[in-house]
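Below sits a lone chain in structure tokens, taken as the form predicted alone.
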Amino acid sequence: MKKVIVIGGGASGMMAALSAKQHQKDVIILERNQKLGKKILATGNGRCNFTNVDATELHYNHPYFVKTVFEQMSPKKTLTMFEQLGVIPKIEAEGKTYPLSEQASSIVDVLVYEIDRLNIPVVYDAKVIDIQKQDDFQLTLEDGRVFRADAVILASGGMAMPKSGSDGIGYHLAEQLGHKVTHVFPALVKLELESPHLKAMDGVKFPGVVELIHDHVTLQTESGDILFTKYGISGPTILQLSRKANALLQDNKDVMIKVSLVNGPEKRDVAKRFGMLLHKTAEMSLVGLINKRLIHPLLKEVHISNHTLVKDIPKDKLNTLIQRLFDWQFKVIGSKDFDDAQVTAGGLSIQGFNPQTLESKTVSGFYACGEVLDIDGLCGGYNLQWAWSSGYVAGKHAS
């Protein structure tokens, strides 16, 4: 029986081990933590958005590569597999799928149970620091232990959430075998803004529309919850924009975030509203239209005193105020680091791997899956789906 070692016991690693075992392979998981699936437990705010039923290759940065993998393990097939393991899916808006229990631990528990049932050995506290290939693979752990295998599946994760064990060690291991690593940066992450008003707006959450702008061109638009913070801006809308924003920042490009504070009424409706409130102060005229804690910062931004009556505000300044309600732009100066990121953008160059098998093009018997590869998707279950699909394919072909 061919011996397969899986480096990493996260989502893609557990799936790779189960897939290899189902295809009659002798499998061992080397997990650096003291338990499996540590990062899964933090996904979806503990609810675990474990897939997206609408996921296609177009939701990822390298569609052609993902397409070949999805043809072997689609979201539909993944859903069926988890149902067979006992997880009843709860499908919400935009295809986001959670376990009916709304507990991330449910996903980990059924996978760990299956690993135990199939008698797949797991070696804990096993941090691989060196990998060599001669007749077979030789893996050396931090504590000096050595393991040998006929095939190795690298499922060590990227750089996001390093406390879970994803600290980039997988890149180093793959480089030892001649693979190249693209530039990596945080994705699905909170953005840092340049503005004197952030402290006053810290903690304000509201539904609105945000746009990512470069060179006066809107590159991406998202609607939903927006959260201002003392360092910048967050919320599901911002996470969706952050990948593209950070990619531009890596190239030293100017990036702006346009925020619409008003969700629903149009500009003419708001202008008419001010016309009805001529004897109110500027501050009171905004009460009931936007979050109260946004009023003072907004008026400061357009240089209108809180106590000025609407009828006394110069027409050009009132027009500026109305414009800002629908178009308040902030310069993006950075993002939170990998500690706060959900996903890593970049990773092992996909040019070095066969998309049909996920085997190295230069080192036979060496496979990679999950976040360690230069594949990342949108927020909403897409990245875990890539973990399941790529893990399955790597395990299937590790023969």
Ligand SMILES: Cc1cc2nc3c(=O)[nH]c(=O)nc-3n(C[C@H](O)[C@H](O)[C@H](O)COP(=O)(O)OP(=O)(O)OC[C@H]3O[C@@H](n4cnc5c(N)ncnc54)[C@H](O)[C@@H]3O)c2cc1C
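Predicted model, so just to flag it, every value in this text is computed and none were measured. Residue indices: 1-based, along the sequence shown.
From this point on, the text means the form predicted together with this ligand, which you will not see here.
For Lys253, no non-hydrogen atom is located within 4.5 Å of this ligand in the model of the complex, even though that partner is not displayed. Although the partner is absent from this view, Asn33 contacts this ligand in the model of the complex, with a non-hydrogen atom inside 4.5 angstroms.
At the 4.5 Å threshold, heavy atoms of Gly352 stay clear of this ligand in the model of the complex, well away from it. Although the partner is absent here, Leu18 sits far enough away that none of its heavy atoms falls within 4.5 Å of this ligand in the model of the complex. Considering this ligand in the model of the complex, the lone stretch of 126-134, 192-200, 293-301, 321-329 in range is 126-134 [heavy atom distance within 4.5 Å]. Only one of Gly232, Gly235, Gly95, Gly165 comes within 4.5 Å of this ligand in the model of the complex through a heavy atom, and that residue is Gly165. Proximity of Ile169, Ala341 and Gly381 to this ligand in the model of the complex is complete: all three residues have a non-hydrogen atom within 4.5 angstroms. Interface residues of 12-45, taken as those with a heavy atom within 4.5 Å of this ligand in the model of the complex (partner not displayed): Ser12, Gly13, Leu30, Glu31, Arg32, Asn33, Lys39, Ala42, Thr43, Gly44, in sequence order.
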